[in-house]
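As a starting point, one isolated chain is supplied in structure tokens, in the form predicted alone.
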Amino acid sequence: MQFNFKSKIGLGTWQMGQNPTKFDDEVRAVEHALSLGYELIDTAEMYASGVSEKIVGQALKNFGSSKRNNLTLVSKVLPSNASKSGVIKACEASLKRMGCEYLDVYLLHWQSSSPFEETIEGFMDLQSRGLIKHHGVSNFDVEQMKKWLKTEKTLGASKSATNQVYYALNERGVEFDLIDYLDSEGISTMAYSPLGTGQLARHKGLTELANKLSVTAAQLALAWAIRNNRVIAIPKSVTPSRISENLRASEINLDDETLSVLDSLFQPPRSKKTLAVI
């Protein structure tokens, strides 16, 4: 059974945990997101060498365990840990850092030198033990996805829940064929850095259009990313007002005229491009 992501917008935690002096502020930022009703939080063992996961864990502890059942918690395993035993050990370590009993979705951060069979067998072991509910990948293009899905089928594994990729107005390459392919397979696209690592919030043309619509440039960029219910966006922020602003973007509906203007500002892909990764 495929996993249904209830949220269109979640909280990303990339770059959290890099400065020890900001740890408490970042914990409070995650708590703020939870208090607003965010239902998806994304993290990874790579982020600040696990400190990001500790921040998420501390926020969950402070906020109260009652929130956990309504929360989709996502983390990712490094390619260097993608052997069967490595996947299992890495997940157990992530769960320990977060103080959680299970992950809702566990992803391979990007393709590794380990055979897909080993990684998927690791995911299957974790799922059988109740440590993860679903698995998936990140930074996989169409051909990688085809091989991955074929391996899942051969092993009798459940199908991946999502592919997490870089997708934003200023990086639309995945629209050429990847999103359509994932959609045809019943796999969600999860957009990381949907604000283009922040520059879209300051983009002149986007800001001018957003002002006409009485929204912010960031809200417009996020509303565009999730416009057709095929994509989940996970913008990162530690600023309470911005976290609130981002969530409200899920309430914005864009008409055809606005979408046309956005296409003129940010051209859709006309040919296949190498998958963008940051």
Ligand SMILES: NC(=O)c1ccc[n+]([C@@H]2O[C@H](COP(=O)([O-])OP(=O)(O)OC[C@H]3O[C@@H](n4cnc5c(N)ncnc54)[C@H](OP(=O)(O)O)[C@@H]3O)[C@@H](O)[C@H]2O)c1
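Throughout, we count residues from 1 along the sequence that is shown. Given the structure is predicted, the values throughout are model-derived calculations rather than measurements.
Just so it is clear, the following notes concern the form predicted together with this ligand, a form of the same protein that is not shown.
Only one segment in the set 203-211, 81-89, 188-196, 95-103 has any non-hydrogen atom within 4.5 angstroms of this ligand in the model of the complex, and it is 188-196. This ligand in the model of the complex is approached by Ile234, whose closest heavy atom lies within 4.5 angstroms of it. Contact check for Ser160: no non-hydrogen atom falls within 4.5 Å of this ligand in the model of the complex. Looking at Gln164, you'd find a heavy atom of it within 4.5 angstroms of this ligand in the model of the complex. Although the partner is absent here, Val238 sits close enough that one of its heavy atoms falls within 4.5 Å of this ligand in the model of the complex. When contacts are defined as a non-hydrogen atom within 4.5 Å, none of Phe5, Glu39 and Leu169 contacts this ligand in the model of the complex. For the candidate set Ser112, Thr151, Gln127, Asn139, a heavy atom within 4.5 Å of this ligand in the model of the complex is found for exactly one residue, namely Asn139. Residue in contact with this ligand in the model of the complex (any heavy atom within 4.5 Å), chosen from Val30, Ala48, Ala225, Ala218: Ala218. In the model of the complex, Thr13, Trp14 are the residues of 13-34 with at least one heavy atom within 4.5 Å of this ligand, listed from first to last.
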